[in-house]
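The form predicted on its own is given below as one chain in structure tokens.
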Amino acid sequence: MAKVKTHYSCQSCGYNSHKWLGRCPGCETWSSFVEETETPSNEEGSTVSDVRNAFRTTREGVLAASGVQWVDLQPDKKGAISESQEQKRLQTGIQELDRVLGGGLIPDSFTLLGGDPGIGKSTLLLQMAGGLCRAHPDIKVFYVSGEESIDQIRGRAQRLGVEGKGRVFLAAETHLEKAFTSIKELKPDVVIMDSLQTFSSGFVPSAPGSVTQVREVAARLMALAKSAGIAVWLVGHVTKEGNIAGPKTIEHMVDTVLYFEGESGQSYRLLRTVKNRFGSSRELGVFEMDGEGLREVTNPSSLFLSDRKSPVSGTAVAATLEGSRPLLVELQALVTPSGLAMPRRTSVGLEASRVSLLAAILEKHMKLNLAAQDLFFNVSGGMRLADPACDLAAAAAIWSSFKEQALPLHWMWMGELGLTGEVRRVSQPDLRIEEARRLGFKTIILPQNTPSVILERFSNLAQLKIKCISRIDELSELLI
């Protein structure tokens, strides 16, 4: 009988050591090491092998009879795969979700969905299961929950109006091997595991939710997705810092990492792509939560723009890009005299360091005395911005609040600011201008070095006016 090997694993970051340590060298956490038994390397697990063998007869080309199938990189014409087969995707029935995934669900993909408790992760996946059944009459979905009972899932499905049509199957199970047995019998096309920290494998003698269990469960689910050709969705908990709980190796294993987020007190939800092997990693999906579940928002810019009827000082509209989607957001600034030795700089939605940088540029090149002023900055609607193309709008809002001079209501600003005061060109200005024109904006403020093709294209439109600016100190001249 082989000797059982043990090691010590940090429960915060997954760092392994052959002896116990009081402080983890990886994450510097105290008293986080737990003794765990090593799993023999040759134990793949009979459940994964059984499921894989069961899919041999139904999914041609997954495995050869004697082992893993290997093919030539450039097959001949008889064995060539058509472009439509290579790019085959399953439409989920939710357009916002399809956008974030890059056009649809890949049949053998492994997707990790993270988000705060109660944000709507299970609701989104349950609606996706119903949408898949509506869009594809021959697809089967297996929903395995380790947190809710079957009656609770059925009750939510009835409230959401989700119909399984005999092709959505539910299970309340936390043991991974038992779930694999059900997968072998049902042969589903999509498997939803909710959630990662509640499942445990019998091959690892540790508690559910530990680093070793989380890593083992994710590894076996990845093997299931790739060998059996099943699209696997895995729900992950989120830490206080906003990251998916567990070691970072989990995010390296999966094909796609999605974050589902929303501000407290707000009804909308944002679905962001952090990693995507099959599409853009900067796409954004927008939903609104109501009594009937998650509803798609076809015009997200309307969420982030106020319904003002008259101009107000300290506000400006910027155009940002989330992947391929242009969004218009309202930036708000409040500049007031400070009675403190060190004036306050508070920012919500935009990095505070970026706001301080813009304030320094305005103070240097426009001679604004902001050193004695408190500066409060906000992005309306709770949107978080990282696009440098919003610099010009943010600077215009700060200037407007300091001068107490309102900017025109139907103006949209785009441009990146350099430390020398120049306004630099932005990426894909045509998409941003088209979105502004669609929403009724009359004047677009662009950098002077915008490509002439873009300027000529939109300058000929009678209902749209283009103004160019090369330096930030020309801001006041635009309003004359």
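Every value quoted in this text rests on a predicted model; they were computed, and no experiment measured them. Residues carry their position along the shown sequence, with the first being 1.
Unshown form predicted together with a small molecule; subsequent notes refer to it.
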**Fill in**
Only one of 117-125, 97-105, 356-364, 202-210 has residues with a heavy atom within 4.5 Å of the small molecule in the predicted bound form, and that stretch is 117-125
**Prompt:** Which residue, 166, 291, 137, 339, has a heavy atom that falls within 4.5 Å of the small molecule in the predicted bound form?
**Reply:** 291
**Prompt:** Of the options 312, 150, 160, 186, which one has a non-hydrogen atom that comes within 4.5 Å of the small molecule in the predicted bound form?
**Reply:** 160
**Request:** Look up in the predicted bound form whether residue 237 has a non-hydrogen atom within 4.5 angstroms of the small molecule, and give yes or no.
**Result:** yes
**Request:** Give a yes or no for residue 282: in the predicted bound form, does one of its heavy atoms lie within 4.5 Å of a heavy atom belonging to the small molecule?
**Result:** no
**Request:** Give a yes or no for residue 156: in the predicted bound form, does one of its heavy atoms lie within 4.5 Å of a heavy atom belonging to the small molecule?
**Result:** yes
